[in-house]
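Okay, here we've got a single chain as structure tokens, the form predicted on its own, with questions on binding and movement later.
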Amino acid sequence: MKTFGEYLKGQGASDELYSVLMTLKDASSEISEAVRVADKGEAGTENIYGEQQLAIDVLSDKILQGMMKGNSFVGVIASEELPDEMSVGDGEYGVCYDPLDGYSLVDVNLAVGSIFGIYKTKSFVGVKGDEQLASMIAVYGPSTTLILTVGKGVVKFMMDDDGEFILREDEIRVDEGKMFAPGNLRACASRQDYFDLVSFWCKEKYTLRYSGGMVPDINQILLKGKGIFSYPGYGDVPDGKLRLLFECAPMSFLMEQAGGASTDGKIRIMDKEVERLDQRTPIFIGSKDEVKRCEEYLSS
């Protein structure tokens, strides 16, 4: 079976992109070990969004910062845990990331993960998801896996006992099927259209698969090959809570490369321009027909 590096070389990745992705692979290995053994308690600090940080959140961000600063091809990074993008060198590549998605799942021992988007840019302000050269999620669960696209489909790697990532699935595809992960259900109290959509899924006997973490939920849709993840806005939070740059754009690149779709209800996520780093967006992502259904139900 191919290793992570062998796969990249086989796909014709440039030396620069190869180096950046290999560094992210190594960082994922280190974060995986940290998730297993590190302090799971609160760090006593808040991130820039006012959310309580766990010690493992802070450690994951430090791991990625350190490794990105050590890669000469990386010039700028942006983290969901940082107030602004950070210049780290003269490299042409920009790496944005959510170092540990699903922090609320850590203390109850559910799967968590990291999200990465790679661009050739000096600043993330003004970029669109369509400009990504690669995106990847790392999943830290019973096994540690990487789901990757370099614009040539979606593949899965699993970390073996020696710490090497080995190709396990080389053609991940998302078709149609009755599975749903409905985020932000509180929106049903004020949005009849979302209540009606969730009611449709229930009445049609869809299988509920929702963990409360975007990485494990999208990972499941990709690997099961079907389903829909939804996170609408409502009331005082019309754009929901998920960030375009750090979460939604990288996930959308993966989903589209697997044959699925992603929208904010009106606009394709990959067409949305990043106007500021903390920009949020509603998202409906998964099987094409399900994404279309979301747009139809929520068109009002």
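Note that this is a predicted model, so its numbers are computed, not measured. We number the residues from 1 along the sequence you see.
Just so you know, the form predicted in complex with a small molecule exists too; it's not on screen, but the next bit is about it.
Student: Examine Lys152 and determine whether its closest non-hydrogen atom to the small molecule in the model of the complex is within 4.5 angstroms.
Tutor: It does not: once the small molecule is placed as it appears in the model of the complex, Lys152 has no heavy atom within 4.5 Å of it.
Student: Since only the chain is shown here, I'm wondering whether Ala261 would be in contact with the small molecule in the model of the complex (any heavy atom pair within 4.5 Å).
Tutor: Flag for Ala261 set to no.
Student: Test of understanding: in the model of the complex, would Leu148 fall inside 4.5 Å of the small molecule by heavy atoms?
Tutor: Leu148: no contact with the small molecule in the model of the complex.
Student: Taking heavy atoms only, is Gly212 within 4.5 angstroms of the small molecule in the model of the complex?
Tutor: Residue-level check for Gly212: yes, a contact with the small molecule.
Student: Given a 4.5 Å cut-off on heavy atoms, tell me which of 223 to 231, 163 to 171, 119 to 127, 132 to 140 is the interface stretch with the small molecule in the model of the complex.
Tutor: Only one stretch qualifies here: 223 to 231.
Student: Just give me the single entry in Phe180, Tyr194, Tyr93, Tyr103 that has a non-hydrogen atom within 4.5 angstroms of the small molecule in the model of the complex.
Tutor: Contact residue from the list: Tyr103.
Student: Quick check on this chain: which one of Ile269, Ala27, Leu242, Val35 has a heavy atom within 4.5 Å of the small molecule in the model of the complex?
Tutor: When the small molecule is considered in the model of the complex, the option within 4.5 Å is Leu242.
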